[in-house]
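Only one chain is given next, in C-alpha cells, and it is the form predicted on its own.
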C-alpha cells in the first residue's frame, strides 16, 4: 500500500529560503511540490522520506536563485492489485459505492463487483443515496456506513488530464476500483463478526 520511491528533480531555490540550512530549504520546497499530489503512474505522495544528495547550486544568467539537482525518496500511497484494504463508506448510489481512507477518497466499488445477489433501495436518511443489501442464506446484510468495509483492489488507474471539465464531478488523477466479491471476509466488518 505504501512504497518508497526514489526520484531526481532539478529544483530552483528562491532567495528568501537561503537563510535556512540547505537541506531544510530543499525539503520544504520538495514538500510543497510533491506532498498531497498524485504523481502519474506512481501514486499519491504522502511525505518526503529522505534526501540522498543535493548537487549543483548554480546561478544561471538573469536568475537570482541557485538551481540544485536533488535525489530523494518519497513515501507513495498506491495499493497493489489483489491487496485487501479497509475503508469507510463516503457515499452510495445505484452505480455502487464510493469509499474513503480519510486521506484518499477516489475508491469505487461498482455494482458488478458487489456480492451476489445484491440490490439497493433508497436511503430515507440521506437524500440521493441508497443502501446496498446482500442476501445470503435468507438473511439481509446491509452496507449502511457504520462499519469499516474491507475490499480487494481490482484496478488502480491514472486517467489522462481532460482538456476541459465534463460534468460536475471533479477530475481524479488516481482512481482505485475495488471488489466485494469473495468466498468470505470482504464487505462491512460486522458481516463477519
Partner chain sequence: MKILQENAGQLTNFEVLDFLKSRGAAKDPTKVLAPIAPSEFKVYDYLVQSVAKSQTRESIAKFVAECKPYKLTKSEIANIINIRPSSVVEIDPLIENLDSRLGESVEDLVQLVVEVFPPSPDEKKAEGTPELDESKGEDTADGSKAGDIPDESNFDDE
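Numbering follows the first chain given and starts at 1. Predicted, not measured: the structure shown is a model, and the values here were computed from it.
There is another form of this protein, the form predicted in complex with its partner chain, and it is not shown here; the text below is about that form.
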item	value
Non-hydrogen atom contact residue 144 with its partner chain in the model of the complex at 4.5 angstroms	no
4.5 Å heavy atom contact, residue 154 to its partner chain in the model of the complex	no
Contact test in the model of the complex: residue 91 vs its partner chain, heavy atoms, 4.5 Å	no
Partner contact for residue 65 in the model of the complex: its partner chain, 4.5 angstroms, heavy atom	no
Position in contact with its partner chain when the complex is considered in the model of the complex, options 139, 36, 55, 160, heavy atoms within 4.5 Å	36
Heavy atom within 4.5 Å of its partner chain in the model of the complex - qualifying residues of 134-150	148, 150
